[in-house]
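Below are two forms of the same protein chain, given as C-alpha cells: structure 1, then structure 2.
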Structure 1
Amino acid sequence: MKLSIKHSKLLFFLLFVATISLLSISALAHDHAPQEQHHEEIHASNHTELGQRLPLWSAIPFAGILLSIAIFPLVAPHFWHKQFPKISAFWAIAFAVPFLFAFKFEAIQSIVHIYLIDYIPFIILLWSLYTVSGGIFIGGSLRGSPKVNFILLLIGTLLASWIGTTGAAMVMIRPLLRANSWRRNKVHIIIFFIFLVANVGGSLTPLGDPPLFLGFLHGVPFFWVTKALLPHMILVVVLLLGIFVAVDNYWFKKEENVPVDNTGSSIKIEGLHNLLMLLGVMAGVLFSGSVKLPEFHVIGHVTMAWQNIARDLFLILMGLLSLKFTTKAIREKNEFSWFPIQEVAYLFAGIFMTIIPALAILQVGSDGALAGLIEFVSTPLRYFWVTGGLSSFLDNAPTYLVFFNTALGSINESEVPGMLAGGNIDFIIKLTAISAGAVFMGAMTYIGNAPNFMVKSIAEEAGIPMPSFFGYMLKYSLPILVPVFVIVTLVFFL
C-alpha cells in the first residue's frame, strides 16, 4: 500500500507526538511513583498540591508553544501559516497525554477547569469583539497631516480599550493608510499606531487586551483596571503622542507635492449600529462581574456560575446580531475574514492546555519548582519589567496569567476582589505593575501582541517598507519605548 505525501506527513506527525508522549509518560510516571501509596490523598488533593508534584520540565510544552508562536512566523512564515494548528495540537498533546496518564482524574479536572473557565469565555469575547468591530468602517478622504494623524492615533487609542486592540487596529489602520498614501515618509506613523492603538490603548478595560480579560475571569473587577492603569496610560500616551507629533512634523516638512487639505469634507462611518452591539458586549461582561447567580457542579472541584454562562450566550448573541444586521459590503471593505479568530482559537487551545503546569507550580509559591522566580519578582519594579520583558517576546495573555498567579501565590482567587477593594496595597501595586507590563510592553516587538503583526502585514501590502523584526526594535521600540517605560517606572514603581 502506497502512502500519499499528505498521509506520510500525518503519520510522521502522529509518531512524533506518540514518541514524545511516551517519553514524557515514563518520566512523569517515574516522578509520580513514590506517591502512589497515597492514591486516595492525591484524588482528594487540590490544585495547590498538584503544583508541588509537577516538575518544572512539565512546562516545556508551554515554553515550546510560546516559542513556536514567536519564532515560526519570522523564520518560516508560509510553513507556519499552513501548519500552526498541528503545531499547537502537537504541544497540547505532548503535555496532555502524559498528564492524563500520570494524574488521571486530577488531570481531567484541571483540563476541564481551564477550558471551561478560561479558554471558552476568552474565545467568545474575542470572537464577539472581532465580529462587532469588523462591522464598523471608516471611509472618506483624509489628508495625512501631523494634525490628522494625531487625531486618528488618539481616536484609535481611546477606541482600543472598548473594542479591543485587534478590533481598533482593524478599524483604524485602513483610514490611516489611505490618509497617508501620498506620503513618502510614513513608516513612523505605522510604528506609533502599533505602539498606541495595537497595545497601550487597550490598557483601560478587560475588553481592551486579552491579558486583562483573563484577569477579569480570575476575579479582577471590570473597572479596577480603568482606575488602576489610567495614570500610567495617560503618561505613556502623552509621551508617545508628543514624540509622534515632533517626528511627524519633521517628516511632513520634507514632503513634496502635499495634496490640498479637504479633511472633513467626506468622512463617512458605516455600520454605526454595531456600537449598540458593542455596548451589549460591555453590558454582558459587566453583568457577569457584578451579579452573583448560583453555581453548578461540573466535575470534581470544577464549578460554573450561571452569570458567566449568561454572559457568554449574550456575547454570542451580540456577534450574531452584528453578522445579521451588517452588510457584506462593509465587512469586505474591512477585508474581514474569520482567519484571525481561527488562529486565536487554535493557538490558545494549545496555550491553555500547556499552561496548566506553569500555573499550578506558580500557585504553590515557594513550595514549587519556580520558587526562584517567585523570590526574584518580589517588587513592583521587577513585576513590571519581568512581565513586560517576557510579554515583549511571548504572547502577553499567558504571560499575564503566569505572573498574576505568581503575585497571588497560595491566596484563593475568590479573595481577589476583596484584596483589590480592601486596600491590600502590596497586591494592588503588583497587579498594576503586571497589567501595565503585559499591555504596554506587548509593543516592544512584532510578536508581543497579535495585532502588531497584523498591522505590519497590512501596511506592507499597502507599499510601506516596514522594518524587519530587529529593525523595529533597534530603530523604534528600544530608543522610544524603553525610555518611556523607564519614566513610568520612576514615577509609579519605585
Structure 2
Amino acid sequence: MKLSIKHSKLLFFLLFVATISLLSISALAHDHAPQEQHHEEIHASNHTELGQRLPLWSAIPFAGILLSIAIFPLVAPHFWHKQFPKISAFWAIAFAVPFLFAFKFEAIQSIVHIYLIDYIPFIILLWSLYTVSGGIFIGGSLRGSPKVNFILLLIGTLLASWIGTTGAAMVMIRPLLRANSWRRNKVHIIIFFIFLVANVGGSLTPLGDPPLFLGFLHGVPFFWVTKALLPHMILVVVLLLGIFVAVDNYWFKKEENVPVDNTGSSIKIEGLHNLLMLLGVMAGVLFSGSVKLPEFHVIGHVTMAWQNIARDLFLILMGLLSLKFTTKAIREKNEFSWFPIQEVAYLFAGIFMTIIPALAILQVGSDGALAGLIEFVSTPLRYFWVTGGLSSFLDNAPTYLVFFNTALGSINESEVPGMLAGGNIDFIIKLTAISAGAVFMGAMTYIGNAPNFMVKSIAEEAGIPMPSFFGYMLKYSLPILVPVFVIVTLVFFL
C-alpha cells in the first residue's frame, strides 16, 4: 500500500521512538541483566526483583501505544482502521525484543505470566460476554427521548453490578442505539452510557468489576463492597443522570422529524435462552474465586490453578452454546459482528505486553522507580485519586491490588475480614477510597475499562462519530467526571 507523506512521517516518528526504546532498554543488559547467574538462580528470580531494577523510561513503548491509539484515529483514520493490529504488534515487539535481550529468562517469565494469567482469561471473558449478549435482541418501538434514554441507562447501571460492566454494556448498548437511530445528536448518549453502565454501575459486587473481584479473592467479603460503596455510587449516579437529562433535553429540542412516541406498545425480547448462558458466565467467574484447586508450574515462578482453567473452558462453552442455539436472524437484527471484539483483542495484546514494566514498578512499591508516588499515598483522598488516576490508563485490577497491599501495610491478608467486620475505620475508609477510585475512574479514558473500547467500536459500526482518545477526555470525562469526583471527595474522603 502506498503511504502518503503524512502517514510516512507518523511511521517515521513511531520508528524513532521505538529505536530509542530499544537502545535504552538494551542498555540495561550491561548493568542489570543476570549474566553471571546459573540457570537455577535465574529461574528463582521473581517479579518483585525485576520491578526494582526497571527504570521508569522502560514504559516508553506503553506510552507509544497509548499515543498511537489517541493520534492515529484522529489524523489518519483510514490507515488506522486497516493497520491497527500491525501498530499494536509494532509497539509490543519494540518492548519485547530489548526486554528479552536485557533480562532473558526473567523476561520470558514475565511475558508468559502477563499473557497466560492475565490476557488470555481477559479476552475469553470478554468474548464470552460479547457472544452471549449478542444473542439477546430487545426490540420494539422504543423512541430515544430523554425519558427513555434515562430509563435504559438506569437499567444498565443497575444490571452492571450483577452481570458485570461488560455484560451489562453488551446487553444494553444495542437497544440504546436502536432507540436513538433517528437522532442526529447522540454522541453524548454513548458517552454517558460508558460512564454509567460500563464503569460506575459495577460498584456493588465483586462480579461488577475486576478490581473488586480481586479484592474478593484477597479476603474482602462478597457483600462488603455493596454496603461500603452504595452511598458513593448513588451520589455519582444521581449526579451523572441529572447532568445527562439536562444535556439530552437540550439536544432533543434541536431534533427535527421526531417520531411518534409508541414506547412500550410492542416491546419484545428474543433469545432469552442466552440469559442462562450469561448467568453461566457469572457462575464460572464466581466459581474460580470460591473454589481452590491444585496449582501447577508452567515456567519459572509462573503457576496456574486448575479452577481458573476450568472457568475459562466453561466460559468458552457458554459462548459456543450461545452460537449454536441462537438463530442467525437474531444476531442479524442486533447487527452483530466480530469486529469490536477483534479490535479489543488486537489492541490489548499490545497494551498487555507494553504494560509489563509499569505494573512491575508499581508492584514493588517504595523499592521501585515510583517510590515517591507510593509514599505520597497516605490519606483516603490520595488513595482515591492516585488509584483512580492510574486505573484510567493502567489495568485497574493490579493497580487496586498495589494500593490494597499499601493500605494493609504489615498486616497479614488473613486478617482482612476481621478488620472490615470489626470496625477498623482507617482501613475501611482507605479500602473504600481504593475501590471507588479503581471502579469510577475507569471511565476517564477509553482504555480505563475493557467495555469502554467495545462500546466505542460498536457505536462507530452503527455510524456514530465517536470522539478521539483525547477528544473523549477533553470534551467529556475531564469537564464532567472530574467535578463529580471532586464532590465525592468532599463528601466522603476529606
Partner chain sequence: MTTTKKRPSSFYKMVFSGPHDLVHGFLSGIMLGSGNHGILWYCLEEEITGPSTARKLLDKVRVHGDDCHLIVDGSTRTLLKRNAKKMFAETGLQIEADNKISSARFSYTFHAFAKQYGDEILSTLKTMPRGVKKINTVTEENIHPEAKGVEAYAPAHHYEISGCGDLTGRIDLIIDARNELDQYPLVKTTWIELELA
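Just so we're on the same page, residue numbers count up from 1 along structure 1's sequence. In this text, rigid core is short for the largest set of C-alphas that superpose within 1.5 Å between two forms. Owing to the predicted nature of the structure, the values given are computational and were not obtained by experimental measurement.
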Practice problem: Only one of the two shown forms is the form predicted in complex with its partner chain, so please name it by number. | Solution: 1
Quiz item: If you line up the core, does G167 shift 2 angstroms or more at its C-alpha between structure 1 and structure 2?
Solution: no
Self-check item: Core-superposed C-alpha of A89 shifting 2 Å or more between structure 1 and structure 2
Solution: yes
Practice problem: Superpose on the rigid core, then tell me if the C-alpha of I65 is displaced by 2 angstroms or more between structure 1 and structure 2. | Solution: yes
Practice problem: State the core-superposed CA shift for E375 between structure 1 and structure 2, in Å to one decimal. | Solution: 2.8
Self-check item: between structure 1 and structure 2, C-alpha offset at G284 (rigid core aligned, Å)
Solution: 8.3
